[in-house]
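The data below hold one chain only, encoded as structure tokens and taken in the form predicted alone.
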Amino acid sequence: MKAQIQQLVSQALERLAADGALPAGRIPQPVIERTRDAAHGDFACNVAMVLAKVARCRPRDLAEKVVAALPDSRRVARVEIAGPGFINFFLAPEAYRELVPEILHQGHDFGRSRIGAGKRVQVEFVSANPTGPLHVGHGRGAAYGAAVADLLEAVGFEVHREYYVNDAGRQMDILATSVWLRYLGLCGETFSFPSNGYRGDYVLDIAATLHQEHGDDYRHSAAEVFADLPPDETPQQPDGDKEAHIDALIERARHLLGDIRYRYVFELGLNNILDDIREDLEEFGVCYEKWYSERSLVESGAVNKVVQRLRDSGHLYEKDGALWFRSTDYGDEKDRVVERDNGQTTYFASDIAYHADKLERGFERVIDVWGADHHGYVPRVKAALEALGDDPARLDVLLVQFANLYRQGRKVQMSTRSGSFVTLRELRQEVGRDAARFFYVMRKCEQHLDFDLDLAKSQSSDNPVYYVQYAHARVCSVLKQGAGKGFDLETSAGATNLEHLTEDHEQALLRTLSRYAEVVEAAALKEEPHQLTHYLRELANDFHTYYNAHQFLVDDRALRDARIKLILAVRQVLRNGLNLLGVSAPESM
């Protein structure tokens, strides 16, 4: 409807331009907004105030000319001019009623559009280091990234979903060494586990697989492993250096195992955890077009090439044996290392190469969904792209705040390295995929999220996902009841009988239904899935209120037909909206 009003105003402006009342070629796209007060109509347009200067007349006078030039439309009951020159549109009842057959005809496609015009957009999200299971913080990024991608696709963008696998670098070496040390423990060796190692039960499970398959083949004595290492940082040795200690252990593991065996342990840890992550995300309803390996960038030489490009263009300098990128030239707070003094490139260098590759693949827009703790990383990545000659505006980074879990009113404590965290799998098993997906996107990504586990499991109107799903199930229940009572529920074609929808509750439902496509568009273009969750709750509330006030299976065949068509339209819109959020639409609850 909004688009139809916009088209009417555009045609009026074209007429005025043709008549010389407006200068040709200077007519903008009119902005149409829904009014907040029904007394001011359904839609309002401020185009008269925008164009008054170029038209060389008062805004209110220009508004009168625009209204006079508007084409006739049976969907518009009347048009009024308000205040300094607002044009208010009051829609005819049939404008809303005609929406019902449109929804039923379009079905799954209702609310979708081609605004994106097939432009290619890449959305990279989650991309957690494969050093442990996904936790509840990753879950919010997964739900949010997936919803943004699906919404963009719904409005006509060609969307490519990608997971960047950090399968190279120090953290992966820490994981491999942690697995090997746990394996040595299973072989009977006794020692103090490094404070900076990965301690979760999943590490022990991987070590048990190594021990089961290879027995003591990878065993070395603890004395040999820990001989002459820098002391660890512990309560007993507060002056120790945990970073130097774990780095020395990594080198000792490489030396004692040799390249082939060390690589085997490395791959065993990586593949076990990565398989677990894939399974978790698939069970969470999140799938990707590509899993992109950081190691492929390193092994192909892409990282070295991008470092060389920055060196050749004068954006790098040497200091203390390392190579530094002049990111302060682009507003970063300090320069950044891209190559260490030992010749190894940094994570940052890999990220530069990865983002350069994204743009080289032809994506018109690249969206990264990162944790809020990466906010300082944004300017340096954009700086590197600019230094390479790319347009940093093509990169859009969305920062997702952490999710805090609450059970019985108390915050659930979590820690990653110690392994005492709540995994995404545990959350999904406790509250269900639907509740998790819905709750995760109920707020803007930059806002903190308090996830109430007890509320998410409750079957009450206070639980937003239950409330919305129950509205869908209630429509299905009405249809089953009608069939059981022998009613003919075969609906009439088109807008037949819809003139019987005169109750206030029916008018409210029709108005809410008319907003769906606008909400999808706004949620997609603003990357705000929470707009859709709020809309679905409002639609569900309108339906539940209607359900409690009126009978649908009435004896009057024409009225029954109209009401059945209306609630079928509600069911379709609820189903479409839930689908975009990765949430199911159950037929019974």
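Heads up: residue numbers just count along the shown sequence, starting at 1. From a predicted model like this one, the values you see are computed outputs, not experimental measurements.
There is another form of this protein, the form predicted together with the RNA, and it is not shown here; the text below is about that form.
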Of the residues 54, 525, 31, 558, which one places a heavy atom within 4.5 Å of the RNA in the predicted complex?
31
So the RNA isn't shown here. In the predicted complex, which residue out of 119, 305, 170, 290 has a non-hydrogen atom within 4.5 Å of it?
170
Are any of the heavy atoms in residue 279 no more than 4.5 Å from a heavy atom of the RNA in the predicted complex?
no
Touches the RNA in the predicted complex: residue 3 (any heavy atom, 4.5 Å)
no
Mark residue 462 yes when one of its heavy atoms lies within 4.5 Å of a heavy atom of the RNA in the predicted complex, and no otherwise.
yes
Taking the RNA as it sits in the predicted complex, is residue 58 in contact with it (heavy atom to heavy atom, 4.5 Å or less)?
no
452-460, 382-390, 358-366, 101-109: which one contacts the RNA in the predicted complex at 4.5 Å, heavy atom to heavy atom?
452-460
Counting heavy atoms only and using a 4.5 Å cut-off, do 319, 322 and 374 all touch the RNA in the predicted complex?
yes
Check each residue of 524-549 against the RNA in the predicted complex and list those with a heavy atom within 4.5 Å, in sequence order.
526, 528, 530, 534, 537, 541, 544, 545, 547, 548
